[in-house]
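For reference, the chain that follows is the form predicted on its own, supplied as structure tokens.
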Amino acid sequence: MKGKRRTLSAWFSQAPVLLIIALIVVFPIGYTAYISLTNMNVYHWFDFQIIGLGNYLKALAVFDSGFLGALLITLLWTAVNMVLQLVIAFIMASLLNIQKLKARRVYKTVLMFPWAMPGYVSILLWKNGIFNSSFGLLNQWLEKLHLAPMRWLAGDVSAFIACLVVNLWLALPFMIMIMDGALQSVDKSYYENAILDGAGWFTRSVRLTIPAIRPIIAPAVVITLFTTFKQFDVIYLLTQQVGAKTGANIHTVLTYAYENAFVTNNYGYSSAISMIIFFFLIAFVTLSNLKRKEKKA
């Protein structure tokens, strides 16, 4: 009896928290899953019907639907961002850890500025101040070189590169900070022995530094992969913002879902896309956790 009372009292004490979790987390996911099985759209606000997996089949089986193309762009976006962030952050952090470097703290503080600024403000500054086809800084430089101005955000390739540059500018400070802390944790005696053996910087980096810092930066890499995959603001604000579209037809899965929900008002299809993204992220987290357990074992 005492055990049952303790169990009941524990459940009652946790009931408010469980109720909040149910309202904030479980209910939205469940309702989105329900809407994804219907034909709810601008023509069927209140009289929508359950159509089963039709929306999922449209997204995954019909290439012309646009979802598979957006998924490919998202995977490319995530991979390129991740590789460039790791390489550039490692080089920058290595330069910041040079023993004779003066004003090291000043450089580190300056590098944190992009991360400290609000993302929305930074992205619009890049869009209007750097990439603007009429008065942007890049076209001003081209005019001084007597070259024709370019519409940087109008073409798919140039817009993708522009979005990549902006995202790197925003995200690199975090990765540099993680790399810098990881490099400082490596025992310097290893480098002394390697230098005596004639190992250069590249050899020391590949054989000593990277294996030593891998366990430290691994969580940051997972977080960055997760956030980059579900990136929305950079590509949307630079190219797809309603009323300010630039002509580039690049969509990640999130901007594609947003457009279907709030531009074309196809809520059933957009909900199906949202659930597919949700399952992708759950699978990614599960695989990451399994790999960590395997390494620990």
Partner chain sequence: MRKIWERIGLIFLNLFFIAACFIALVPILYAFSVSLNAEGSILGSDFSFIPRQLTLENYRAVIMDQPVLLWLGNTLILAVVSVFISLLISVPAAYSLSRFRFKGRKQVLRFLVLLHSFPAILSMFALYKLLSPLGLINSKLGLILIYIGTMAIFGVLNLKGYFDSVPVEIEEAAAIDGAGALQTVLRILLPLAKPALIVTALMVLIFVWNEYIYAITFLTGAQNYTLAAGLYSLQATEMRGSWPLFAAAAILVSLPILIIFFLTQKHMRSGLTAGGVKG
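Whichever C-alpha set is largest while still superposing within 1.5 Å between the two forms counts as the rigid core. Positions refer to the first chain, counted from 1. Computed from a predicted model, the values in this text were never measured in an experiment.
One more form of this protein exists, namely the form predicted in complex with its partner chain; it is left out here, but the text below deals with it.
**Q** Give a yes or no on whether every one of 113, 134 and 242 sits within 4.5 angstroms of its partner chain in the model of the complex by heavy atom.
**A** Yes.
**Q** Only one of these stretches, 186 to 194, 72 to 80, 203 to 211, 221 to 229, has heavy atoms within 4.5 Å of its partner chain in the model of the complex; which one is it?
**A** After filtering at 4.5 Å, what remains is 221 to 229.
**Q** Please tell me whether any heavy atom belonging to residue 90 falls inside 4.5 Å of a heavy atom of its partner chain, as the geometry stands in the model of the complex.
**A** Close contact is absent here: in the model of the complex, residue 90 is far from its partner chain, nothing within 4.5 Å, heavy atoms only.
**Q** So, in the model of the complex, is residue 59 in contact with its partner chain at a 4.5 angstroms heavy atom limit?
**A** Looking in the model of the complex, residue contacts with its partner chain do not include residue 59, since no heavy atom lies within 4.5 Å.
**Q** Would residue 27 sit within 4.5 Å of its partner chain in the model of the complex, counting heavy atoms only?
**A** Residue-level check for residue 27: yes, a contact with its partner chain.
**Q** Tell me, yes or no, whether residue 264 is in contact with its partner chain in the model of the complex, where a contact means a heavy atom of each within 4.5 Å.
**A** No - in the model of the complex, heavy atoms of residue 264 and its partner chain never come within 4.5 Å of each other.
**Q** Tell me, please, whether between this form and the one not shown the C-alpha of residue 20 is shifted by 2 Å or more, with the rigid core used for superposition.
**A** Yes; that C-alpha moves by at least 2 Å between this form and the one not shown.
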